[in-house]
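The form predicted on its own is given below as one chain in structure tokens.
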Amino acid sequence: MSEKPPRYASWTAGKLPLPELAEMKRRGDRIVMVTAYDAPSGRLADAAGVDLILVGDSSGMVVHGRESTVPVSLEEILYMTQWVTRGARRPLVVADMPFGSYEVSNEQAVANAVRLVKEGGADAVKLERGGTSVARARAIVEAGIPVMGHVGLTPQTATVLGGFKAQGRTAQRAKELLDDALALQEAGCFAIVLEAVPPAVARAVTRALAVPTIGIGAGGDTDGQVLVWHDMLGFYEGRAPRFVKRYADLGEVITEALARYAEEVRSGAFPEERHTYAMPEEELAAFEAALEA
């Protein structure tokens, strides 16, 4: 993109300031977040004017071909965060804390969050659930690292929740979800992801919180939205959740391109002379003479 995205007109060149997110909520400006897992996708999200990039453990399913996010390791998130931050300059980069990287203790949580920031280059980290995660979030914030919370459908504990199902569909569960979000805000989280919850519940949570909410399958009344890169662009062949809108079908485009490449290689149409490197005639003659010697 040759022109500066309009979203970036409100601050000077450089990283989006974290306090700007709260100002965006106050003004009613919607926040845009996508997942990304490497430098090219980070660069493209940056060029498109995206506000936040999540280096998500969703990579386990859409990139690594696993059945869930649970097997994703801290090292994998660390490497992907390094890649994304090499491509993205303006958006805030949030690194997911994968399952097993923060549950044991506050000390474990802080140490791993520090690695994601210090080694990975993340601007913030994200962790799932309320409960004990509230204490973990508070400890990480007190260590000087911004934290994003995540309530509703939390993929790391989907088995406990009965699978990848919508949450907060009863009055009791909706109230518990709101309480978790409020507790995470009190712990210092700068934003809360609301995943797969009824729009009425997401609206109530958004109104109750002073910090922004980022919805995914939570209706249009949250302060922002997030989608998974491979879902929205048509790379992922697995079953996409109903809340996914596919903005492109790049998987089909790539398949067609690869099929054309394979056909041209097999027919000899590729490479053409314009795809090769010339050699000075005298050097070629000397090389051929050496072969005959």
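Predicted model only: the values in this text are computed from it and were never measured. So that there is no doubt, residue numbering starts at 1 and follows the sequence shown.
Beyond what is shown, the protein has a form predicted in complex with a small molecule; the following relates to that form.
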Option from 263-271, 24-32, 48-56, 246-254 whose residues, in the predicted complex, bring a heavy atom within 4.5 Å of the small molecule: 48-56
In the predicted complex, the one of L116, A88, L184, V193 near the small molecule [non-hydrogen atom within 4.5 angstroms]: V193
4.5 Å heavy atom contact, R129 and the small molecule in the predicted complex: no
R136: touches the small molecule in the predicted complex, heavy atom cutoff 4.5 angstroms: no
In the predicted complex, I216 touching the small molecule (heavy atom, 4.5 Å): yes
